[in-house]
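This text opens with one protein chain seen in two forms, each one given by itself as structure tokens under the names structure 1 and structure 2.
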Structure 1
């Protein structure tokens, strides 16, 4: 529905609320909140809510609620409301924030709170909830609120644009670095935030302390990472300067770009321009072109060797994919070269095919609709392909229940890149992919254009509708088998390396625990190095989590990938895994807080101590014949893990309880 129509509906609902008697306000409040929630997801919707926030307050939207007396509100409680409240409670909270913004800006006067106090309150709320700005809704919020969860991010972005940065600059820079330590593919929100920081700093906001220095470094890494572009001169003037650089200055230029890129995983547009100039400009350079390219990409001897071996291919990839609108592909290209992926015989030919791939009209239209027309659809998809291959752990599912498809794309990019390239070419050119289930072909024909995830990367936008359809069809073929369909789906969907044995902690008919002691014992024997003969995880393995919120309450089932098990710097055995959620740094309650950096994580990995991850696990795969008899797991630790589960997601799931079932289709995500 158009924003104007929703605004008209909202004004009518507010009018009804205004006319209602005090004892009858609650009857008309729901209509205001319902329309307001839908409006918040529309372009310009949050601003429209802001304009009407004062009127809502006067009409009695907060009557007989804790928000009726704003002076008594505590900023530390806002997060709990957002994470635990139902849809209407969350919308009341957001509307209260917009009301306080109107007070702080002086456009609305409330007897209970002065403007300066309102501004201070909002600054504290922002500092405590910055993750909602950069990472979007988490698994728990998405499951609880659905599409309304996007309103939270929208309101917080609006608040930040209007209250300034002075009080939260340090926290904001820290949050940007925390998000980027995970190296996500989708960085538009982060770049937008850095742009806002740059504008604030240009206005003199933020002072001159350590936080200001960190903010300036973040801004310079994105908008002026080298001496030649430090003043952000614009592309044309920058190119005029570059052609006059000496050999030493060119080396310094290339190295500065690489340092800035690898520091946070963000790529400056000037970096893309410089790399294209090196690859395509018909000019004589005072130093070997290849050497400058290697410096600009930050390559080690391994990457340099790959660059020399596949020089023509790299040149075509730069020509076809690296543009101002797709600058992030530079980072993906650097990581592809460093990984040695191109030495796998099918990968280079598959990339040559991708370079010249003719997109179907449907595919081209989808890419343009989602990402705009700054570059061609083929360029966008090629750049996205390079990013996915270079950063397989950076894939996110967006605000969509598609963790299975996101996990599959990540696993193929990590473990079977030529197969992923095959699927991309089939979907992009023929609008169809065909996978097999127990020998029978399953087609995704008709999936293109259906249920497009709008907030993910170009490869996911292309493949997720196809994979979701095939995943559902596989689930239908498993109907009536009397067990979790992932037992059969995961090996058939993901690949031969998935363990053929599947261990499930939950009975799908009753939802109760099923042989849980044996489940935990087997998981320790399969994956814990102390009890499996020190066997590493050779291929990433799919697993299923029972996700809980910050109070430990069960939220839903979620697909992850087990990557490796190792001791961290404090000698704690940790399990490192891939979580396709946008931000893996989640609080699952009872002290179980997922780490994304600082505990030995590689970029894109999440981790937990082994016992804590085991306490949230409900499904894993392994091969019986691969089990090596060794020391038995510690009984006391297994009992501790069991109690952690029983006090969170497994509460009430004893052998006889009629707990929530694991659905026959078992759609995770």
Structure 2
């Protein structure tokens, strides 16, 4: 069919969609998608579709679908959509990408997604799907989608032509480094991005510039970080080579692994193989085993001491957890040793308990359903435990409204690791944990298997259903108390160290601001070192944010952890915090941009200047009496913070005008 005819048909279908009232948009969607999909398969058709993509968006093609909020789309899900989705879903996805290309090119604007973010998104999508781009659709996709698969590769080719692989290579690498600077536990999508880069580079794509060199470094760090495995020889051949290495070669092998791992927090499978061989191989080494292990883990003197002290335990942890498929646990192990956590008396025995832990059938089933059967469920969970303990700030809630549970796990991992190990052992063995609320035991029995977060780490997969249920049960016990339930839940759920006083900026009944000036004043006196007698945050403290989108519009209540307050390199007082959201680098509008690196953040921390964070805060805890005298904060700064709040999430919430739509809804997600 002639493209012109299809364009005419498409324009008629779009007109119908444009005219339709919001409740009837869905009626006309399939026509637009159907004709659009065929058009994309014609020569020049993708370009024609691109020209119409913005119009389709405005007409409401994405109404009532996740694509209507492009800022919330996850690049990692695109592949699954293309591989599993039905024809319509695939076509929506393609149209959404063309629409984002228009946003990224500056010819179209869509609320909530600036050009830069659209470009980020497309770069990640392309990186994760380079195979569609370069090799065309696989047989499975062709069989499932018929000629729509032509549209898929057509759209990807078009994106490539308009963004360009050499062009995106730089941003791909930047994207990988930006994400990995936060050291997430979930690295599958980053790994597959690097895999796709590797495949493209092996075909000679991407030129020879600085970005190309940087890309090659990422690839070699993951697939061949040392001289012995630089050619990616496969495990068998690699092991044959390793046994023949001299003392000096073994040392450089070990250090090369450590260097590659600590650069981005990604662990090569060869690294896991090497470490396992070091720990378990019954051979005489030409050099002390421990010092090679310490080198391979990149340990400082602290870590080395821990390794020597807990040598047997570390050996058993490697045996039980470090495999191909769980290579990331090497990084977690290194960080556990470095943190000195093992010197806390209950931690080592609790880890011994976990090494021999027998998983319940339900728990084992869930672990293998979510993560596959490459390793046993017990290995998976042990490796996940090591990772969580090593990287408490690497936890992400996935695409689940369970920020509370993710935050709690993270807090315990850093602050109360033996308690976390206790919960893991109970949940894994008995399918139940019991927490107490004001003296009442609250059981999570029955939670296992309900609502499993599929896109998180093994420990979250195990614990989140339990914690989420208990969080909700505690919420029910607070019903009717007339105030935000987090006032009571937070200390009971997390631990004794949560400040017993709870300060709220919002009246739960009306959604309006309540004593906001006093709230801000107290926050400064509690947490700002200039006004609180220069006291550091001792324990991580739960806090609640009113999260806004990049236009400053209120999105929802969200749980974070306040970790520390310090001056950054530019002498700006910053609050460093943990956001259980997967990617903390977010734009909250009006210049409030959460930073994840470059401003003194440790891996996994997010940060904002103190005032900017205060402007999005609605709930925090502190103890009643300050131990040291506080000073009155700068009134001008408080006013400024208040204005920032009023011009974003608190708009319409001041005493005169209240926002009934948000009243009473306090669930944090």
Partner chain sequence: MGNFDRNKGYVAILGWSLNAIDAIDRFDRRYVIVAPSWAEEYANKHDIPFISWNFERLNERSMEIAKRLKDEGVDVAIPLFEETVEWAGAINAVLLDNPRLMGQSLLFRDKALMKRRAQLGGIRVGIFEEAQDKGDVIRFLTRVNQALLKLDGDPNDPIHLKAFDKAGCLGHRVVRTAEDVDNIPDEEFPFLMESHLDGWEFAVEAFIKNGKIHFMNISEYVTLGYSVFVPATPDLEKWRPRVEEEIQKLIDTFEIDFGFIHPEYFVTSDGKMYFGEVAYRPPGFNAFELIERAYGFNAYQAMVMMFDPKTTDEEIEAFFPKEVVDAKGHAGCFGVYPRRRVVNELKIPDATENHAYFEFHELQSPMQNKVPKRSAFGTHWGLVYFFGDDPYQLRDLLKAQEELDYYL
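For clarity, a rigid core is taken as the largest C-alpha set superposing within 1.5 Å between two forms. This is a predicted model, so every value here is computed, not measured. Positions refer to the first chain, counted from 1.
Between the two copies of this chain, it is structure 1 that is the form predicted on its own.
The rigid-core alignment places the CA of residue 638 less than 2 Å apart between structure 1 and structure 2. The rigid-core alignment places the CA of residue 618 less than 2 Å apart between structure 1 and structure 2. When two forms of a protein are overlaid on their rigid core, residues whose CA moves 2 Å or more are considered shifted, and residue 597 is not one of them between structure 1 and structure 2. When the core is overlaid, the C-alpha of residue 35 ends up 14.8 Å from its other position between structure 1 and structure 2.
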